[in-house]
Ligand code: GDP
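For reference, the chain that follows is the form predicted alone, supplied as C-alpha coordinates.
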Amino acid sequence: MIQRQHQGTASREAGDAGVRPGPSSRLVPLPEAITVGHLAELVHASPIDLMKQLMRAGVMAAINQSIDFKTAAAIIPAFGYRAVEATSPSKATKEKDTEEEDLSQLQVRPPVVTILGHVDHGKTTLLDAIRKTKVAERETGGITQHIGAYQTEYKGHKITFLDTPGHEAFTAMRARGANATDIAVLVVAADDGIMPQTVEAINHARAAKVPIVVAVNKIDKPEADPDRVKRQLAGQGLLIEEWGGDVIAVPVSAKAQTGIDDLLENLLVVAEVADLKANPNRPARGVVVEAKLDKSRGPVASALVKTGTLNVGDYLVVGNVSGRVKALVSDAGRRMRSAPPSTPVEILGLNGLPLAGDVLQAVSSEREAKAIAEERLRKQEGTRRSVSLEEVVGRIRTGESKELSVVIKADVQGSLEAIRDTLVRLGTEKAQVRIVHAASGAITETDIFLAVASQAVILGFNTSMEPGARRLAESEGVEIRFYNIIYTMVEEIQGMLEGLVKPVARDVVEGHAAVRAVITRGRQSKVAGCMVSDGRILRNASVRVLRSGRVLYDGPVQSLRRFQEDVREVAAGMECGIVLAKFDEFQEGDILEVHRQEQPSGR
(Lines give C-alpha, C1' and ligand atoms only; values in the text may rest on other atoms or scores of the structure.)
Protein backbone atom coordinates (compact mmCIF):
# COMPACT_ATOMS: atom_id res chain seq x y z
CA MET A 1 0.00 0.00 0.00
CA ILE A 2 2.79 2.39 0.99
CA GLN A 3 4.72 1.37 -2.12
CA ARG A 4 1.84 2.15 -4.52
CA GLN A 5 0.97 5.49 -2.96
CA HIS A 6 4.42 6.89 -2.37
CA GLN A 7 6.91 5.35 -4.76
CA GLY A 8 6.51 7.91 -7.53
CA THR A 9 6.47 10.82 -5.12
CA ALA A 10 9.43 9.35 -3.30
CA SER A 11 11.54 9.33 -6.46
CA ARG A 12 10.75 12.97 -7.24
CA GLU A 13 11.38 14.12 -3.69
CA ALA A 14 14.61 12.17 -3.46
CA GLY A 15 15.78 14.26 -6.39
CA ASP A 16 14.98 17.37 -4.38
CA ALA A 17 17.17 16.00 -1.60
CA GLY A 18 20.08 15.64 -4.03
CA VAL A 19 19.68 11.88 -4.58
CA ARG A 20 19.22 10.73 -8.16
CA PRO A 21 18.22 7.18 -9.05
CA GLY A 22 20.49 5.50 -11.55
CA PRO A 23 19.32 4.27 -14.97
CA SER A 24 18.57 0.80 -13.50
CA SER A 25 17.78 -0.05 -9.85
CA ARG A 26 20.37 -2.12 -8.03
CA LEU A 27 19.21 -5.08 -5.92
CA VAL A 28 19.80 -5.00 -2.19
CA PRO A 29 18.89 -7.98 0.05
CA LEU A 30 16.93 -6.89 3.13
CA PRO A 31 15.89 -8.87 6.24
CA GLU A 32 12.35 -8.92 7.68
CA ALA A 33 13.27 -5.98 9.93
CA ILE A 34 16.13 -3.46 9.73
CA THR A 35 17.14 -0.29 11.55
CA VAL A 36 17.02 3.03 9.70
CA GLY A 37 20.75 3.53 10.25
CA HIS A 38 21.67 0.13 8.79
CA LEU A 39 19.37 0.68 5.78
CA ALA A 40 21.03 4.03 5.11
CA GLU A 41 24.41 2.30 4.96
CA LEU A 42 23.12 -0.33 2.51
CA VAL A 43 21.71 2.23 0.08
CA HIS A 44 24.64 4.64 0.57
CA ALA A 45 22.38 7.45 1.75
CA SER A 46 22.31 9.86 4.66
CA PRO A 47 20.16 8.61 7.55
CA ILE A 48 18.54 12.08 7.58
CA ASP A 49 17.49 11.70 3.92
CA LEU A 50 16.13 8.25 4.68
CA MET A 51 14.14 9.53 7.68
CA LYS A 52 12.71 12.34 5.54
CA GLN A 53 11.66 9.78 2.95
CA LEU A 54 9.97 7.72 5.66
CA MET A 55 8.13 10.81 6.90
CA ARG A 56 6.85 11.48 3.39
CA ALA A 57 5.58 7.89 3.38
CA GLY A 58 3.77 8.55 6.67
CA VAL A 59 6.23 6.63 8.85
CA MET A 60 7.98 8.25 11.82
CA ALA A 61 11.18 6.39 12.75
CA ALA A 62 14.42 7.36 14.50
CA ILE A 63 17.86 6.22 13.32
CA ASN A 64 17.98 3.26 15.74
CA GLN A 65 14.38 2.15 15.20
CA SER A 66 13.50 -0.91 13.13
CA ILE A 67 11.20 -0.82 10.11
CA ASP A 68 9.74 -3.87 8.35
CA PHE A 69 10.68 -5.20 4.91
CA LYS A 70 7.63 -3.73 3.12
CA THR A 71 8.27 -0.21 4.42
CA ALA A 72 11.96 -0.37 3.52
CA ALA A 73 11.16 -1.79 0.07
CA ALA A 74 8.71 1.06 -0.56
CA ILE A 75 11.19 3.88 0.00
CA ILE A 76 14.57 2.66 -1.34
CA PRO A 77 13.65 2.92 -5.06
CA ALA A 78 13.99 6.69 -4.48
CA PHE A 79 17.69 6.05 -3.87
CA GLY A 80 18.22 3.85 -6.92
CA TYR A 81 17.78 0.47 -5.21
CA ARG A 82 15.24 -2.35 -5.30
CA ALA A 83 14.69 -4.68 -2.32
CA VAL A 84 14.82 -8.46 -2.38
CA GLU A 85 14.08 -10.64 0.65
CA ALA A 86 17.22 -11.90 2.34
CA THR A 87 17.39 -15.29 4.01
CA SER A 88 17.52 -14.47 7.72
CA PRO A 89 19.95 -16.30 10.00
CA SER A 90 17.06 -18.11 11.68
CA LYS A 91 15.64 -19.18 8.32
CA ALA A 92 19.04 -20.35 7.15
CA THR A 93 19.50 -22.29 10.35
CA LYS A 94 16.02 -23.74 10.05
CA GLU A 95 16.75 -24.87 6.50
CA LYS A 96 19.98 -26.48 7.71
CA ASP A 97 18.12 -28.21 10.52
CA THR A 98 15.31 -29.55 8.36
CA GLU A 99 17.50 -30.85 5.56
CA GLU A 100 17.84 -34.60 5.40
CA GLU A 101 20.48 -36.22 7.55
CA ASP A 102 23.31 -38.14 5.95
CA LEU A 103 22.03 -41.68 6.60
CA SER A 104 25.57 -43.04 6.69
CA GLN A 105 26.27 -40.80 9.73
CA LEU A 106 23.29 -41.96 11.82
CA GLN A 107 24.11 -43.96 14.94
CA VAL A 108 21.92 -45.61 17.59
CA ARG A 109 21.32 -43.24 20.52
CA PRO A 110 20.02 -43.88 24.06
CA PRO A 111 16.24 -43.54 24.53
CA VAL A 112 14.89 -40.58 26.51
CA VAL A 113 12.28 -41.69 29.04
CA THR A 114 9.88 -39.53 31.09
CA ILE A 115 8.19 -40.92 34.20
CA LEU A 116 4.61 -39.70 34.71
CA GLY A 117 1.79 -40.62 37.08
CA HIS A 118 -0.34 -39.67 40.06
CA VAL A 119 1.30 -37.98 43.04
CA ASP A 120 2.41 -40.47 45.76
CA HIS A 121 2.35 -43.41 43.35
CA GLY A 122 6.14 -43.70 43.60
CA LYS A 123 7.65 -41.79 40.64
CA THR A 124 10.64 -40.44 42.59
CA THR A 125 11.20 -43.72 44.44
CA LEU A 126 11.18 -45.55 41.10
CA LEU A 127 13.75 -43.14 39.65
CA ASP A 128 15.94 -43.66 42.71
CA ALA A 129 15.60 -47.45 42.39
CA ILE A 130 16.55 -47.26 38.71
CA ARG A 131 19.61 -45.15 39.44
CA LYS A 132 20.37 -47.49 42.40
CA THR A 133 21.24 -44.47 44.51
CA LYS A 134 19.38 -42.09 46.77
CA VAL A 135 19.25 -38.32 46.30
CA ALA A 136 21.44 -37.73 49.37
CA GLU A 137 24.06 -40.16 48.06
CA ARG A 138 24.28 -38.38 44.73
CA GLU A 139 26.14 -35.44 46.20
CA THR A 140 29.55 -34.58 44.80
CA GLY A 141 31.73 -32.49 47.09
CA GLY A 142 28.72 -31.69 49.25
CA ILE A 143 26.75 -30.20 46.36
CA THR A 144 23.65 -32.00 45.08
CA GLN A 145 23.57 -32.06 41.30
CA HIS A 146 19.97 -31.69 40.19
CA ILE A 147 19.74 -31.01 36.49
CA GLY A 148 16.31 -32.50 35.82
CA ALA A 149 17.67 -35.42 33.77
CA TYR A 150 19.74 -38.48 34.59
CA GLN A 151 21.49 -41.21 32.64
CA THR A 152 21.83 -44.81 33.78
CA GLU A 153 23.36 -47.89 32.15
CA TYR A 154 21.79 -51.34 31.86
CA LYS A 155 23.49 -54.31 30.17
CA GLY A 156 25.86 -51.97 28.35
CA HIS A 157 23.06 -49.71 27.05
CA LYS A 158 22.48 -46.16 28.29
CA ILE A 159 18.99 -44.87 29.11
CA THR A 160 18.26 -41.20 29.82
CA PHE A 161 15.47 -40.32 32.27
CA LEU A 162 13.79 -36.91 32.37
CA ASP A 163 12.83 -36.01 35.92
CA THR A 164 10.08 -33.48 35.20
CA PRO A 165 8.38 -31.72 38.12
CA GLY A 166 4.95 -32.39 36.67
CA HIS A 167 2.86 -33.07 33.61
CA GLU A 168 2.79 -29.35 32.77
CA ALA A 169 6.58 -29.32 32.30
CA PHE A 170 6.34 -32.39 30.07
CA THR A 171 3.70 -30.66 27.93
CA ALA A 172 5.37 -27.22 28.07
CA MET A 173 8.17 -28.70 25.97
CA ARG A 174 5.66 -29.85 23.36
CA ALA A 175 3.94 -26.46 23.52
CA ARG A 176 7.25 -24.85 22.52
CA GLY A 177 7.83 -27.33 19.72
CA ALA A 178 10.39 -29.46 21.54
CA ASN A 179 9.14 -32.98 22.10
CA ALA A 180 12.11 -34.36 24.01
CA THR A 181 10.65 -37.70 25.11
CA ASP A 182 10.85 -41.02 23.26
CA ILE A 183 9.00 -43.21 25.81
CA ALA A 184 6.62 -42.38 28.67
CA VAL A 185 6.56 -44.61 31.75
CA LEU A 186 3.17 -44.42 33.46
CA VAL A 187 3.47 -45.24 37.17
CA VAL A 188 0.26 -46.65 38.71
CA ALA A 189 0.13 -47.83 42.33
CA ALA A 190 -1.31 -51.36 42.54
CA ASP A 191 -3.19 -50.52 45.76
CA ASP A 192 -4.68 -47.19 44.58
CA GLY A 193 -5.33 -47.86 40.92
CA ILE A 194 -5.97 -45.15 38.35
CA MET A 195 -6.46 -41.68 39.85
CA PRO A 196 -7.29 -38.28 38.26
CA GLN A 197 -3.62 -37.39 37.72
CA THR A 198 -3.05 -40.82 36.13
CA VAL A 199 -5.73 -40.02 33.52
CA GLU A 200 -4.10 -36.63 33.01
CA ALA A 201 -0.71 -38.31 32.49
CA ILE A 202 -2.21 -40.70 29.92
CA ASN A 203 -3.70 -37.76 27.99
CA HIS A 204 -0.39 -35.87 28.06
CA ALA A 205 1.53 -38.91 26.78
CA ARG A 206 -1.03 -39.44 24.02
CA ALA A 207 -0.83 -35.77 23.04
CA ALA A 208 2.95 -36.21 22.75
CA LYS A 209 2.38 -39.29 20.55
CA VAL A 210 4.95 -41.39 22.43
CA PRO A 211 4.70 -45.09 23.35
CA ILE A 212 3.51 -45.77 26.91
CA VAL A 213 5.02 -48.42 29.20
CA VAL A 214 3.04 -48.98 32.42
CA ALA A 215 4.91 -49.63 35.69
CA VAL A 216 2.39 -51.19 38.13
CA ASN A 217 4.11 -50.13 41.36
CA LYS A 218 3.74 -51.17 45.04
CA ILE A 219 2.94 -54.81 44.21
CA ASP A 220 4.55 -55.80 47.54
CA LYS A 221 1.66 -54.23 49.51
CA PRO A 222 -0.98 -56.64 50.89
CA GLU A 223 -3.83 -54.61 49.34
CA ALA A 224 -2.21 -54.57 45.87
CA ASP A 225 -4.55 -55.60 43.04
CA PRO A 226 -2.67 -55.54 39.69
CA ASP A 227 -5.63 -57.07 37.80
CA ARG A 228 -7.87 -54.17 38.84
CA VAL A 229 -5.24 -51.76 37.50
CA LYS A 230 -5.18 -53.62 34.18
CA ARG A 231 -8.98 -53.42 33.92
CA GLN A 232 -8.87 -49.70 34.65
CA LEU A 233 -6.16 -49.23 32.01
CA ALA A 234 -8.39 -50.98 29.48
CA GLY A 235 -11.15 -48.54 30.42
CA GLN A 236 -8.78 -45.72 29.45
CA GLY A 237 -8.01 -47.32 26.08
CA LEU A 238 -4.67 -48.86 27.16
CA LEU A 239 -4.97 -52.60 26.48
CA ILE A 240 -2.00 -54.52 27.86
CA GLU A 241 -0.11 -57.17 25.85
CA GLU A 242 -1.32 -60.19 27.83
CA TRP A 243 -4.90 -59.16 27.02
CA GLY A 244 -4.18 -58.85 23.29
CA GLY A 245 -3.17 -55.19 23.26
CA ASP A 246 0.13 -53.43 22.54
CA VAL A 247 0.83 -51.75 25.89
CA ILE A 248 3.60 -53.26 28.04
CA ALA A 249 2.72 -53.46 31.76
CA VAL A 250 5.50 -54.38 34.20
CA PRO A 251 4.82 -55.21 37.89
CA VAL A 252 7.43 -53.48 40.09
CA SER A 253 8.13 -52.49 43.66
CA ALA A 254 10.31 -49.40 43.74
CA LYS A 255 10.65 -49.68 47.51
CA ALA A 256 11.73 -53.35 47.46
CA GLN A 257 13.62 -52.81 44.17
CA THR A 258 11.91 -55.74 42.44
CA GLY A 259 10.90 -55.77 38.79
CA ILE A 260 13.33 -52.92 37.97
CA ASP A 261 15.39 -55.10 35.61
CA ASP A 262 12.22 -56.18 33.78
CA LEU A 263 11.20 -52.56 33.35
CA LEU A 264 14.62 -51.55 31.96
CA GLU A 265 14.65 -54.60 29.68
CA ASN A 266 11.27 -53.61 28.24
CA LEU A 267 12.35 -49.98 27.78
CA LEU A 268 15.30 -51.20 25.69
CA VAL A 269 12.94 -53.38 23.62
CA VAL A 270 10.60 -50.42 22.94
CA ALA A 271 13.63 -48.26 22.06
CA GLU A 272 14.93 -50.93 19.66
CA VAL A 273 11.55 -51.12 17.90
CA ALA A 274 11.50 -47.30 17.63
CA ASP A 275 14.97 -47.46 16.00
CA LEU A 276 16.20 -44.27 17.69
CA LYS A 277 19.16 -42.78 15.84
CA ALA A 278 20.98 -39.47 15.60
CA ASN A 279 23.98 -37.97 13.83
CA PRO A 280 26.71 -37.16 16.38
CA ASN A 281 28.86 -35.47 13.71
CA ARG A 282 26.76 -32.35 13.18
CA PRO A 283 26.17 -29.12 15.18
CA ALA A 284 24.23 -29.91 18.34
CA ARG A 285 20.50 -29.43 18.79
CA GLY A 286 18.67 -30.04 22.04
CA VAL A 287 16.05 -28.84 24.48
CA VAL A 288 16.21 -27.00 27.80
CA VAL A 289 14.82 -29.08 30.69
CA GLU A 290 15.12 -26.34 33.31
CA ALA A 291 17.14 -23.16 33.91
CA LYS A 292 18.27 -21.24 36.99
CA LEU A 293 20.33 -18.22 37.95
CA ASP A 294 23.30 -19.29 40.07
CA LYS A 295 24.91 -16.60 42.27
CA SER A 296 28.44 -17.70 41.46
CA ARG A 297 28.04 -19.26 37.98
CA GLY A 298 25.44 -16.97 36.38
CA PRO A 299 22.72 -18.38 34.06
CA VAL A 300 22.79 -22.20 34.11
CA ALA A 301 20.71 -24.23 31.65
CA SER A 302 20.01 -27.93 32.17
CA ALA A 303 19.58 -29.37 28.69
CA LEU A 304 19.23 -32.58 26.76
CA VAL A 305 21.23 -32.97 23.55
CA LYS A 306 18.94 -34.54 20.93
CA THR A 307 21.23 -34.71 17.91
CA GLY A 308 24.78 -33.66 17.12
CA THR A 309 27.51 -33.24 19.73
CA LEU A 310 27.77 -30.22 22.02
CA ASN A 311 31.34 -29.14 22.77
CA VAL A 312 32.95 -26.68 25.15
CA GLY A 313 33.60 -23.53 23.09
CA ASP A 314 30.53 -23.96 20.83
CA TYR A 315 28.44 -20.86 20.06
CA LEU A 316 24.81 -21.36 21.06
CA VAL A 317 21.41 -19.83 20.57
CA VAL A 318 18.77 -21.02 23.05
CA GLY A 319 15.30 -19.53 22.57
CA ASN A 320 16.04 -15.80 22.46
CA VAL A 321 19.32 -15.89 24.42
CA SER A 322 22.78 -16.69 23.09
CA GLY A 323 26.28 -17.39 24.37
CA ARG A 324 29.35 -19.59 24.17
CA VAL A 325 29.74 -22.84 26.11
CA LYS A 326 32.21 -22.15 28.93
CA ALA A 327 31.66 -25.45 30.71
CA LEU A 328 29.59 -28.65 30.48
CA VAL A 329 28.69 -30.54 33.67
CA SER A 330 27.24 -34.07 33.73
CA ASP A 331 24.37 -35.25 35.96
CA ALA A 332 27.04 -36.77 38.23
CA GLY A 333 28.68 -33.35 38.67
CA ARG A 334 31.72 -34.09 36.46
CA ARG A 335 33.17 -31.65 33.91
CA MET A 336 32.79 -32.82 30.30
CA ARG A 337 34.48 -31.76 27.07
CA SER A 338 31.57 -32.86 24.88
CA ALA A 339 28.03 -34.23 25.09
CA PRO A 340 26.79 -36.66 22.40
CA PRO A 341 23.08 -37.29 21.51
CA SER A 342 20.64 -38.10 24.37
CA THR A 343 23.08 -36.78 26.99
CA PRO A 344 21.74 -34.61 29.84
CA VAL A 345 24.10 -31.77 30.65
CA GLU A 346 24.39 -28.45 32.50
CA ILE A 347 25.55 -25.55 30.30
CA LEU A 348 27.43 -22.48 31.54
CA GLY A 349 28.11 -19.45 29.37
CA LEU A 350 24.70 -18.13 28.23
CA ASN A 351 24.05 -14.37 28.39
CA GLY A 352 20.53 -14.81 29.80
CA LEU A 353 18.07 -17.28 31.28
CA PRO A 354 16.18 -19.46 28.75
CA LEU A 355 12.78 -21.10 29.35
CA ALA A 356 12.08 -24.79 29.92
CA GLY A 357 11.28 -26.25 26.53
CA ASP A 358 13.38 -23.74 24.56
CA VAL A 359 15.26 -25.29 21.63
CA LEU A 360 19.05 -25.20 21.81
CA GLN A 361 21.18 -25.08 18.67
CA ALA A 362 24.90 -24.71 18.02
CA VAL A 363 25.85 -22.22 15.31
CA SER A 364 29.07 -21.28 13.56
CA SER A 365 29.81 -17.88 15.10
CA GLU A 366 28.98 -15.45 17.89
CA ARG A 367 27.58 -13.03 15.31
CA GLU A 368 25.14 -15.62 13.97
CA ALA A 369 24.04 -16.61 17.49
CA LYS A 370 23.35 -12.99 18.45
CA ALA A 371 21.54 -12.25 15.18
CA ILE A 372 19.17 -15.22 15.60
CA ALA A 373 18.51 -14.41 19.28
CA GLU A 374 17.80 -10.73 18.51
CA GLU A 375 15.46 -11.61 15.66
CA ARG A 376 13.52 -14.02 17.89
CA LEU A 377 13.30 -11.37 20.61
CA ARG A 378 11.81 -8.89 18.11
CA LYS A 379 9.25 -11.44 16.98
CA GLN A 380 8.37 -12.56 20.49
CA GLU A 381 6.21 -9.52 21.20
CA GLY A 382 2.71 -10.38 20.10
CA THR A 383 3.66 -13.90 19.01
CA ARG A 384 1.12 -16.58 19.92
CA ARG A 385 1.97 -20.25 19.92
CA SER A 386 -1.61 -21.45 20.01
CA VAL A 387 -4.19 -21.41 17.23
CA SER A 388 -7.28 -19.22 17.51
CA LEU A 389 -10.74 -20.73 17.35
CA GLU A 390 -11.43 -18.80 14.15
CA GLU A 391 -8.43 -20.47 12.49
CA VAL A 392 -9.61 -23.93 13.59
CA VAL A 393 -13.16 -23.26 12.38
CA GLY A 394 -11.78 -21.85 9.12
CA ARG A 395 -9.82 -25.06 8.55
CA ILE A 396 -12.94 -27.14 9.20
CA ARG A 397 -14.92 -24.96 6.80
CA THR A 398 -12.38 -25.41 4.00
CA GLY A 399 -11.96 -29.13 4.71
CA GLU A 400 -8.31 -28.72 5.74
CA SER A 401 -9.06 -30.12 9.21
CA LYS A 402 -11.58 -32.74 10.29
CA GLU A 403 -11.45 -32.42 14.05
CA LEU A 404 -12.02 -29.90 16.81
CA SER A 405 -9.72 -30.57 19.79
CA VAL A 406 -11.12 -29.64 23.20
CA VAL A 407 -10.06 -29.75 26.86
CA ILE A 408 -13.12 -30.00 29.12
CA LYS A 409 -13.25 -28.92 32.77
CA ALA A 410 -16.53 -29.21 34.70
CA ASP A 411 -17.77 -28.74 38.25
CA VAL A 412 -18.60 -32.38 38.99
CA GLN A 413 -18.03 -35.81 37.44
CA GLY A 414 -21.71 -36.18 36.50
CA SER A 415 -21.68 -33.02 34.38
CA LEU A 416 -18.41 -34.12 32.83
CA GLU A 417 -19.76 -37.47 31.66
CA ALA A 418 -22.92 -35.88 30.22
CA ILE A 419 -20.87 -33.29 28.30
CA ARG A 420 -18.36 -35.86 27.03
CA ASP A 421 -21.06 -38.24 25.78
CA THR A 422 -23.00 -35.43 24.09
CA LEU A 423 -19.97 -33.92 22.33
CA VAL A 424 -18.78 -37.28 20.99
CA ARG A 425 -22.21 -37.80 19.38
CA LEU A 426 -21.97 -34.44 17.61
CA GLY A 427 -19.40 -35.74 15.11
CA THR A 428 -20.27 -35.64 11.41
CA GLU A 429 -18.50 -36.76 8.24
CA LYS A 430 -17.12 -33.24 7.93
CA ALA A 431 -15.65 -32.95 11.44
CA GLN A 432 -15.52 -34.60 14.85
CA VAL A 433 -14.78 -33.53 18.40
CA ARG A 434 -11.48 -34.87 19.79
CA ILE A 435 -11.46 -34.74 23.59
CA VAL A 436 -7.81 -34.23 24.55
CA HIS A 437 -8.52 -34.19 28.29
CA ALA A 438 -11.62 -34.10 30.50
CA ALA A 439 -11.67 -33.68 34.29
CA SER A 440 -13.58 -32.02 37.10
CA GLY A 441 -12.21 -28.98 38.93
CA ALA A 442 -10.88 -25.54 38.13
CA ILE A 443 -8.94 -24.74 34.94
CA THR A 444 -5.20 -24.96 35.76
CA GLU A 445 -1.89 -24.09 34.09
CA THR A 446 -1.54 -27.76 33.11
CA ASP A 447 -4.77 -27.46 31.10
CA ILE A 448 -3.41 -24.36 29.34
CA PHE A 449 -0.15 -26.09 28.39
CA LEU A 450 -2.08 -29.10 27.12
CA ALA A 451 -4.36 -26.84 25.04
CA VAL A 452 -1.33 -25.08 23.51
CA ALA A 453 0.44 -28.34 22.72
CA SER A 454 -2.69 -29.90 21.21
CA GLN A 455 -4.06 -26.71 19.60
CA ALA A 456 -7.25 -27.21 21.58
CA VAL A 457 -10.06 -25.00 22.85
CA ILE A 458 -10.83 -25.15 26.59
CA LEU A 459 -14.49 -25.55 27.59
CA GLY A 460 -15.36 -24.70 31.19
CA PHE A 461 -18.72 -25.77 32.61
CA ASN A 462 -19.75 -24.25 35.97
CA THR A 463 -16.09 -24.04 36.94
CA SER A 464 -13.52 -21.39 37.75
CA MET A 465 -10.00 -20.63 36.62
CA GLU A 466 -6.82 -20.37 38.67
CA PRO A 467 -5.18 -16.88 38.47
CA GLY A 468 -1.91 -18.33 37.12
CA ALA A 469 -3.83 -20.21 34.43
CA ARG A 470 -5.62 -17.02 33.36
CA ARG A 471 -2.33 -15.15 32.94
CA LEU A 472 -0.81 -18.05 31.02
CA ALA A 473 -3.87 -18.36 28.77
CA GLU A 474 -3.66 -14.66 27.90
CA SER A 475 0.06 -14.82 27.10
CA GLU A 476 -0.32 -18.01 25.02
CA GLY A 477 -3.54 -16.91 23.29
CA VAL A 478 -5.54 -19.96 24.39
CA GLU A 479 -9.27 -19.79 23.65
CA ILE A 480 -11.42 -20.51 26.73
CA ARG A 481 -15.22 -20.61 26.77
CA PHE A 482 -17.35 -20.77 29.90
CA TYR A 483 -20.87 -22.23 30.05
CA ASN A 484 -23.50 -22.92 32.70
CA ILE A 485 -26.12 -24.52 30.41
CA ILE A 486 -25.20 -27.72 28.55
CA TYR A 487 -27.43 -27.12 25.52
CA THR A 488 -25.78 -23.69 24.94
CA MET A 489 -22.38 -25.42 24.87
CA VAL A 490 -23.69 -28.13 22.52
CA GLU A 491 -25.19 -25.52 20.20
CA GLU A 492 -21.90 -23.61 19.93
CA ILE A 493 -19.79 -26.74 19.40
CA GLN A 494 -22.21 -27.84 16.68
CA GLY A 495 -21.66 -24.47 15.01
CA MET A 496 -17.89 -24.86 15.28
CA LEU A 497 -18.02 -28.30 13.64
CA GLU A 498 -20.10 -26.89 10.78
CA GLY A 499 -17.71 -23.95 10.38
CA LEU A 500 -20.45 -21.48 11.26
CA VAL A 501 -19.20 -20.22 14.62
CA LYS A 502 -19.66 -16.54 15.36
CA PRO A 503 -17.26 -14.42 17.42
CA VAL A 504 -18.39 -14.30 21.04
CA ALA A 505 -17.78 -11.76 23.75
CA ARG A 506 -14.55 -12.24 25.72
CA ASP A 507 -14.81 -12.80 29.46
CA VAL A 508 -12.72 -10.16 31.27
CA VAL A 509 -12.09 -10.61 35.01
CA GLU A 510 -12.01 -7.28 36.85
CA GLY A 511 -11.13 -8.54 40.33
CA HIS A 512 -11.72 -10.88 43.27
CA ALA A 513 -13.12 -10.41 46.76
CA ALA A 514 -13.08 -12.87 49.66
CA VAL A 515 -16.18 -13.17 51.86
CA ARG A 516 -15.10 -12.42 55.44
CA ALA A 517 -18.55 -12.25 57.06
CA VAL A 518 -22.21 -12.85 56.18
CA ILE A 519 -24.58 -10.16 57.48
CA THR A 520 -28.34 -10.73 57.63
CA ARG A 521 -30.32 -7.68 56.50
CA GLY A 522 -34.04 -7.91 57.15
CA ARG A 523 -35.86 -11.22 56.95
CA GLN A 524 -34.58 -12.53 53.63
CA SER A 525 -31.67 -10.50 52.26
CA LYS A 526 -28.04 -11.23 53.18
CA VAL A 527 -24.99 -9.07 52.61
CA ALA A 528 -21.53 -10.48 51.91
CA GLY A 529 -18.94 -8.54 53.91
CA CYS A 530 -15.86 -8.75 51.67
CA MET A 531 -12.22 -7.77 51.34
CA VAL A 532 -11.14 -7.00 47.77
CA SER A 533 -8.01 -9.11 47.17
CA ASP A 534 -7.10 -7.92 43.66
CA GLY A 535 -8.40 -5.72 40.86
CA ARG A 536 -11.64 -3.89 41.62
CA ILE A 537 -15.30 -4.56 42.28
CA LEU A 538 -17.73 -2.73 39.94
CA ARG A 539 -21.40 -2.10 40.61
CA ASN A 540 -22.42 -2.71 36.96
CA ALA A 541 -20.48 -5.97 36.58
CA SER A 542 -21.47 -9.60 37.03
CA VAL A 543 -20.21 -11.80 39.85
CA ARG A 544 -19.37 -15.50 40.01
CA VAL A 545 -19.65 -17.03 43.47
CA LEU A 546 -16.86 -19.62 43.77
CA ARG A 547 -16.69 -22.27 46.49
CA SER A 548 -13.97 -24.96 46.35
CA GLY A 549 -13.45 -24.21 42.65
CA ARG A 550 -17.14 -24.61 41.76
CA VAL A 551 -19.36 -21.83 40.40
CA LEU A 552 -22.49 -21.60 42.59
CA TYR A 553 -23.98 -18.51 40.96
CA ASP A 554 -23.28 -16.04 38.17
CA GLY A 555 -25.32 -12.86 38.07
CA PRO A 556 -25.39 -9.08 38.50
CA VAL A 557 -24.42 -7.00 41.54
CA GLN A 558 -27.55 -5.47 43.10
CA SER A 559 -25.82 -3.27 45.64
CA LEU A 560 -22.23 -2.25 46.42
CA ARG A 561 -21.55 -0.33 49.63
CA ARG A 562 -18.75 1.07 51.77
CA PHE A 563 -19.68 2.26 55.27
CA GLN A 564 -23.41 2.47 54.40
CA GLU A 565 -22.70 4.52 51.26
CA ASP A 566 -23.54 3.31 47.76
CA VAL A 567 -20.37 3.36 45.62
CA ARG A 568 -19.59 2.69 41.95
CA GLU A 569 -16.42 0.69 42.59
CA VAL A 570 -14.14 -0.60 45.35
CA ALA A 571 -10.39 -1.03 44.85
CA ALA A 572 -8.02 -3.78 46.06
CA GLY A 573 -7.26 -3.79 49.78
CA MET A 574 -10.61 -2.23 50.75
CA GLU A 575 -13.63 -3.72 52.50
CA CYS A 576 -17.15 -3.56 51.12
CA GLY A 577 -20.64 -5.02 51.36
CA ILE A 578 -22.06 -6.80 48.31
CA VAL A 579 -25.66 -7.82 47.63
CA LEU A 580 -26.39 -10.01 44.61
CA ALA A 581 -29.65 -10.03 42.67
CA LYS A 582 -30.75 -13.64 43.18
CA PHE A 583 -28.25 -15.21 45.56
CA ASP A 584 -27.69 -14.88 49.30
CA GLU A 585 -26.39 -18.31 50.38
CA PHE A 586 -22.94 -16.90 51.15
CA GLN A 587 -20.41 -18.66 53.34
CA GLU A 588 -17.20 -17.31 54.86
CA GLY A 589 -14.32 -18.18 52.51
CA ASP A 590 -16.38 -17.88 49.32
CA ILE A 591 -14.60 -16.03 46.51
CA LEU A 592 -16.52 -13.49 44.44
CA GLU A 593 -15.08 -13.13 40.94
CA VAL A 594 -16.20 -9.93 39.23
CA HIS A 595 -16.26 -10.11 35.44
CA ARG A 596 -17.72 -8.45 32.37
CA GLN A 597 -18.24 -9.36 28.72
CA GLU A 598 -16.08 -7.53 26.17
CA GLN A 599 -17.54 -7.58 22.69
CA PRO A 600 -15.15 -8.49 19.83
CA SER A 601 -14.02 -5.42 17.94
CA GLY A 602 -13.83 -4.84 14.23
CA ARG A 603 -16.10 -7.75 13.26
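What you see is a predicted model, and the numbers here were worked out from it, not measured in a lab. The first residue of the shown sequence is 1; numbering continues from there.
Note that the form predicted in complex with this ligand isn't included here; everything after this is about it.
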Open item on the list: Counting heavy atoms only and using a 4.5 Å cut-off, do 442, 512 and 550 all touch this ligand in the predicted complex?
Closed with: no
Open item on the list: So in the predicted complex, is this ligand close enough to residue 125 to count as touching (4.5 Å, heavy atoms)?
Closed with: yes
Task: Heavy atom of residue 246 within 4.5 Å of this ligand in the predicted complex - done: no
- [ ] Consider residue 206 of the chain shown here, and say whether it contacts this ligand in the predicted complex, taking contact as heavy atoms within 4.5 Å.
- [x] no
Open item on the list: Taking any heavy atom pair closer than or equal to 4.5 Å as contact, tell me whether residue 409 reaches this ligand in the predicted complex.
Closed with: no
Task: Candidate from 232, 462, 405, 253 lying within 4.5 Å of this ligand in the predicted complex - any heavy atom - done: 253
Open item on the list: Exactly one residue in 120, 498, 294, 227 has a non-hydrogen atom within 4.5 Å of this ligand in the predicted complex; which is it?
Closed with: 120
Open item on the list: Counting any heavy atom within 4.5 Å as contact, can you tell me which stretch out of 481-489, 334-342, 112-120, 320-328 lines this ligand in the predicted complex?
Closed with: 112-120
Task: this ligand in the predicted complex - contacting residues of 205-220, heavy atom within 4.5 Å - done: 217, 218, 220
